[in-house]
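Shown next as structure tokens: one chain only, the form predicted alone.
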């Protein structure tokens, strides 16, 4: 019988940086969510939330956070579609934004254990 050698997790430094970014994103999303309540800031706040969702969607699954990636991708697509049709309100996106924040928190909680 041979000795089993575990390969080092080459993605660990990238995963740790991603998790650190997620912590920052939770704060940013909360602020942007409040900003979106002001009609004068709605479009920019929603675009910024979409940008965060797009970045997360692009890397989450690769780093082992597939549920987060799925929610981020759905939010990104929904916000892009809303901007394309000229109607991107907080009310129609609020539920998915909240799911996105919850998915971020779940990923952070999972990584802490």
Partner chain sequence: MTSMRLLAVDDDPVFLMLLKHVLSTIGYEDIQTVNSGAAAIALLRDPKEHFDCLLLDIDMPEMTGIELCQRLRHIPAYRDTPVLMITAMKTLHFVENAFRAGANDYIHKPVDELELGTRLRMIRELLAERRRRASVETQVASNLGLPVLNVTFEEPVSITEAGSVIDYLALENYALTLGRLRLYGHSVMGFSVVNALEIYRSTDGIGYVDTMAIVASAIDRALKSFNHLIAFAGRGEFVAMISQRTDVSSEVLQDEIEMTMARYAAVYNDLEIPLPKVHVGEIMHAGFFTRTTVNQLIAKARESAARLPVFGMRDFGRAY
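Residue numbers count along the first chain shown, from 1. Only a predicted model underlies this, so the values are computations on that prediction, with no experimental measurement involved.
Below: the form predicted in complex with its partner chain, not depicted.
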Heavy atom of residue 58 within 4.5 Å of its partner chain in the predicted bound form: yes
Close approach of residue 100 to its partner chain in the predicted bound form, 4.5 Å, heavy atom: no
Any non-hydrogen atom of residue 21 within 4.5 angstroms of its partner chain in the predicted bound form: yes
Residue 28: touches its partner chain in the predicted bound form, heavy atom cutoff 4.5 angstroms: no
Site test, 36, 40 and 111 vs its partner chain in the predicted bound form, non-hydrogen atom cutoff 4.5 Å: no
Partner contacts for 9-47, taking its partner chain in the predicted bound form and a 4.5 Å heavy atom cut-off: 10, 11, 13, 14, 17, 18, 21
